[in-house]
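The chain below stands alone, shown as structure tokens; this is the form predicted on its own.
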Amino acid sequence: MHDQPLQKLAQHYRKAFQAEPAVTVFAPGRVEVLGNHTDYNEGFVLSAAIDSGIYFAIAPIPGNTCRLRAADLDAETSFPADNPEVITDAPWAAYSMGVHEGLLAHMPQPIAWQAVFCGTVPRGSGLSSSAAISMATARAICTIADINPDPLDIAKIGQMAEHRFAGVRCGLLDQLSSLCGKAGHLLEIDFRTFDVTPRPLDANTSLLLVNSGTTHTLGDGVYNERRSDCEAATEAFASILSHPVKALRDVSMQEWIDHHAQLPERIAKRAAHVIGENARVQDAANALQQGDIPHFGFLMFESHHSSMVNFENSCTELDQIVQIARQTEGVLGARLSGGGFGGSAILLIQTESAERICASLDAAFQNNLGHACLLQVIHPADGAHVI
């Protein structure tokens, strides 16, 4: 799995710095199987680290200047080790810079370094290449600086990098999934307690990634707008209900049914999605334990419908992909994955029929969308680690 990108990384590092790296790290991307936009609402998610991600080679160097190269872009930038600032002409470096800044509080003194990274996660595919970069950077810096922050602290540093340096008010789903992944398992994450519980994925089922080819960009405000809508819904229910409401997790669907008419229509729809998603994730986790994979797949279809109708974070291409998947024998469930507005869909399929399903879907996408979609069977993988 690692051979080709590692060779590319090593060659680029030697050419750029005329040296060998001290440490090489792999951090996976993630796929969100259920639990869309529930993380920052203190809810529940089922996700998985995947076997595509970011490779990051690093070594400490004298002085006070960090040098960072993106091999895939053949681009380089630098910043002060003791005081990194946002570099507007190198947005690709924002995540690593933000992580370095966050780790300064854990270092006895600032450490300068030179590093190169490359990836196997397509940018804009909805698989969180940004979190993979952040977590690869964090693991690499922690290793050369000989520091060992708590995984939750590392995830929060990655989150703050997205907030401050990239302008996206994300939750912790992507970072925790990339850090805590376990091969062959989905991760059930409680975003109030931050408990992570691995759930074995049935051996007779596989995850199929369908990249719509529609690149999504969450930094243009649509993600932050949805988060603000959820915050407005939380405030409204807190003023209506007699019990404490800290987040939409604290609102039941029956309470939504009883009181949603008191909210603006758009805010009520956003709340309906999140409240329903939390219930779907818990239902799906039980279905996994009981081996009820058809019900798990049904919940994935229901989740996409809610994203499309209530949260309005889907797009025409993703809707068509899910509709085609629903009509394809051997597909058990399908939905958009990640922030939405483009990117990828995730399908739950029968493992023994994977080749036939891929061929059938490929033909259908060509016929209905007018172009091919990248199809990739993905495997839940271990979290960020030193290679």
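Each residue number is its position in the shown sequence, starting from 1. Everything numeric here is computed off the predicted structure, so don't read it as measured data.
In what follows, reference is made to the form predicted together with a small molecule, a form of this protein that is not presented.
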**Request:** Spell out, yes or no, whether the shortest heavy atom distance between S52 and the small molecule in the model of the complex is within 4.5 Å.
**Result:** no
**Asked** If you check in the model of the complex, is D39 within 4.5 Å of the small molecule, heavy atoms only?
**Response** yes
**Request:** Answer yes if any heavy atom of G43 is within 4.5 Å of a heavy atom of the small molecule in the model of the complex; otherwise answer no.
**Result:** no
**Asked** Can any non-hydrogen atom of Y223 be found within 4.5 angstroms of the small molecule in the model of the complex?
**Response** yes
**Asked** Since exactly one of C170, A140, V99, I133 fits, which has a heavy atom within 4.5 Å of the small molecule in the model of the complex?
**Response** C170
**Fill in**
TL;DR on 337-345, 355-363, 318-326, 53-61: the one with heavy atoms within 4.5 Å of the small molecule in the model of the complex is 337-345
